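This document starts with one chain, in the form predicted alone, laid out as structure tokens.
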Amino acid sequence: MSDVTFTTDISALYSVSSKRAALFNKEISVFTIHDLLYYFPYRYVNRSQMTQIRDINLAMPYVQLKGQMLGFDTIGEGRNERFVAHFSDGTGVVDLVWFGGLKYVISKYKINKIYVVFGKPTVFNGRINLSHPEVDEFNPENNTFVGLQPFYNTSGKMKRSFLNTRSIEKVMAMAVKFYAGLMVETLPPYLIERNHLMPIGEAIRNIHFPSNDAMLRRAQYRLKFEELFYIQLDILRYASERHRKYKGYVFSKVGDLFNKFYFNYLPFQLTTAQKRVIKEIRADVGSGRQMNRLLQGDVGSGKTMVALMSMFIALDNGYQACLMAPTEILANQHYETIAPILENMDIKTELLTGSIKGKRREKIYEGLKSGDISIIIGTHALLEDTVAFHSLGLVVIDEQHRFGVVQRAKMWSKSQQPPHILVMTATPIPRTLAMTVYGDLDVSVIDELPPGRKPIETIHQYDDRVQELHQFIRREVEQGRQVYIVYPLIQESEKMDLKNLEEGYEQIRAAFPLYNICKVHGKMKSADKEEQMQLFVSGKAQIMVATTVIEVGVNVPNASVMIIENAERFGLSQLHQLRGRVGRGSDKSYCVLVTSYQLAADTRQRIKIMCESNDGFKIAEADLKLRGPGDMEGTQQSGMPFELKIANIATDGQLLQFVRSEAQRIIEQDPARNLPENMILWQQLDQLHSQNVNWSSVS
């Protein structure tokens, strides 16, 4: 079964010269006929309507006119030169304007011929303009200006070479005419029939040149179904093979350590959600299958306690456990939280980070190898080849998205067989995204906060009300509270951001001369950063001016105010993470989002959502809808590419869940991949992999 579209070069189309082919290759990664046919329109315009010039309204997104060129002018000189055609349909006159490729335009259009013009109306010098419009000669016998016209994304370089959306449409028409009928079906007949799907050739024809809205919807459904289905089939196949291939260590008992801690040292009652998750983990580690579980929970929901109790199960069964964090600050904090508890229980625990050197480091290596150390907490330092365990049974990875696929997989080699993996994240991940990015992991959610935690009040304030803000800070500090003031630090404008931070720091020092103020940003040396952090953690500094380095891992229960400067420059998930740094004590806590007056509509929407909700999952869903999956934190390293050509994780959630159940059914019925009716599926998956589409998530 071979599909000619996969191997046929785009230059096989006689309208695609080698120069054009090079543009297709470089600008939009289209190399073959198959790539071209799968380069879908981003919108469609109904071209069946003609507008009269006298009826043009500037609120119209586009207009289609039929008329004649009355005359031409060349205006301006050099780079400002533009070519203007005066166009009339008998009801009025508009100007058609071109700023480039003037020779081509001047030679192409003639007076007194009838043309159909299509473009966006604007006003310049009191006249209606259509800038760089599409212009076609009108032929009454072959009037193609009917129905839905596709629009394709193009680059500036393509447009300058006259490869605009209309040109792509003409190339596409030829490709569809000659090749759509030759495409080999990519789904088995039973799946097409069961789900009432359009055949692939018909779907490709109708996605580019739909005869009506209903046919377009059917084509979109077919292509979205297939795209999401193969992602899920690949993820589930990978998970199924891993389960068959790798047996898990069996933690058959919950023993003395777990019970001793639960009955004697547990600092507070577990929530119902924490108990449910511990039961899910117990079932996993006792099943004989290797656990790969994602634990999601908002900041402060008690994930660390669940991780610690899971470690006790490993220790009770004679295995070691490790907790890996993305930064030294976070690793230190985990160690300082956990070590005092374990001292009472006579469990040897150590911390391993990059700054631990010499004899102390060597001693830790020996303790891990001999089994003397039961729990190790550390950073990327745990991944080094020099780190060997006696019997590693459980790996807990905190803030999973900070670790690359390869790094996470490296922990597997630290044990005779893969240890159980528990991945934790405080970045709530919408269900549809979790099914795709972490599709091979079982997901647990802690969806309630411990009793006594008060919701954080979020306030939006404009940046011209500085005195009011300072009074608020003074009032909170006088009551013994501490305050974070966070500035953005974005790589593209790093120098300017650091300057803003320095200026902000000086202004705060001038406004509060009696208070101790510390300053932290990622460009500081580790020792200086640590020293400044400690001033705040110990309570010696009342105000911390910082960049987002404090986003993850600083736990100061006495800090009750989070002020975020230039809040419009942060994404929703990041704002929510920053807000989670306060509200950790029993005091009422506040988050103040400071912005300028002029805000884009989607930014204003982000700020509104933050002020209205403390629910991390609602915020993550909103973030996914506003920004799309490609920008979501953590997707870059997941192993799942987000160049989805037609499906949208944010809006196609129901379809995603449905195709996942279809893929699951196939995996269960055909685990060995040898049923003849499914041959087409496995061949298609191989074909997709041969195109270097990595659709597997490695945990």
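We call the rigid core the largest set of C-alpha positions that still match within 1.5 Å between the two forms. On a predicted model such as this, the values are computed, not experimentally measured, just so you know. The first residue of the shown sequence is 1; numbering continues from there.
In what follows, reference is made to the form predicted in complex with a small molecule, a form of this protein that is not presented.
Partner contacts here mean any heavy atom within 4.5 Å of the small molecule in the model of the complex, and among 602-610, 299-307, 506-514, 234-242 they occur only in 299-307. Looking at residue 584, you'd find a heavy atom of it within 4.5 angstroms of the small molecule in the model of the complex. A residue is said to contact a partner when one of its heavy atoms sits within 4.5 Å of a partner heavy atom; residue 269 meets this definition for the small molecule in the model of the complex. When the small molecule is considered in the model of the complex, residue 450 lines it closely, a heavy atom lying within 4.5 Å.
Using a 4.5 angstroms threshold between heavy atoms, residue 290 stays clear of the small molecule in the model of the complex. Just one of 274, 461, 317, 500 comes within 4.5 Å of the small molecule in the model of the complex, counting any heavy atom, and that one is 274. Put the two forms on the same core and the Cα of residue 462 is off by less than 2 Å between the shown form and the other one.
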